[in-house]
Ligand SMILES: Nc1ncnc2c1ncn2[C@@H]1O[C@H](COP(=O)(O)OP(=O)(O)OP(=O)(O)O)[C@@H](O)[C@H]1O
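Encoded as structure tokens, the following chain is the form predicted on its own, with no partner shown.
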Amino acid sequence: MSPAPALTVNEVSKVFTDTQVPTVALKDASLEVAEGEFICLLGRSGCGKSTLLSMIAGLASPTSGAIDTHGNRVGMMFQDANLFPWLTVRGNIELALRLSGIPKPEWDGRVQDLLAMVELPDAGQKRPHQLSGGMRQRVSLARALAQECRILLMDEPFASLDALTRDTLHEEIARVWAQRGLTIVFVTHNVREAARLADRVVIMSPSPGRIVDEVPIGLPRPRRLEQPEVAAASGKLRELLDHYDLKAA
């Protein structure tokens, strides 16, 4: 039996009208994501990846079409960790627990479990400025998981990190995804990142932003960036990106 859908996007368009000339950021996007699936939205700047993610998160409304998360709670990670600098690591996670309605007597145990999950068990009393960029993103992941989300949206969360840190966090997010049975929608413009992480890559093209293709990545896990199979899959993705960019030009 096929997994139930966790997310359905049906003919969604987004038009921004706050400029002199209306801008079609996304046009007629349709997508279904199964429970427990890891998909990447791949495309160059301006193809509507982040716009679509924002609408799935409920941060923006579609101009037309509909999005259904099938009752699943949604969490989100951004490119910047966006931690509150005046709060400790523990305080940042506790805030997410409070906003999610988790009873206060449960906070201590949950914070410790989440910090252990992202491999920062001793970081609770530190403040964001005392952490490296990779550590801040781990805390951001813990905060997202504190929302009891079943769908995790990730908007280029590792783009600003150095290659070694990004490689480590690829391993971490794959581990957490498998342990939690999450559904993940991950935005990237990096073909190697998409080939390494995704079950399926959704290719998007600009002018206007739209979904133009879907590519299953049938490689066993765990995967490494330097694997020949990952390199071959990323080469195919790049060829498709170039093809659709030429058609859009």
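The first residue of the shown sequence is 1; numbering continues from there. A quick note: this is a predicted structure, and the numbers were derived from the prediction, not measured.
The next section is about a form of this same protein that is not shown, the form predicted in complex with the named molecule.
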Given 212 to 220, 62 to 70, 22 to 30, 178 to 186, the stretch touching the named molecule in the predicted bound form at heavy atoms within 4.5 Å is 22 to 30
Q: Answer yes or no: in the predicted bound form, does the named molecule come within 4.5 Å of a heavy atom in every one of Phe38, Ser160 and Glu193?
A: no
4.5 angstroms heavy atom contact with the named molecule in the predicted bound form for Asp18: yes
Can you check whether Arg44 is within 4.5 Å of the named molecule in the predicted bound form, heavy atom basis?
yes
Exercise for review: Consider Glu156 of the chain shown here, and say whether it contacts the named molecule in the predicted bound form, taking contact as heavy atoms within 4.5 Å.
Suggested key: yes
Those residues of 47 to 69 with a non-hydrogen atom no more than 4.5 Å from the named molecule in the predicted bound form are Cys47, Gly48, Lys49, Ser50, Thr51
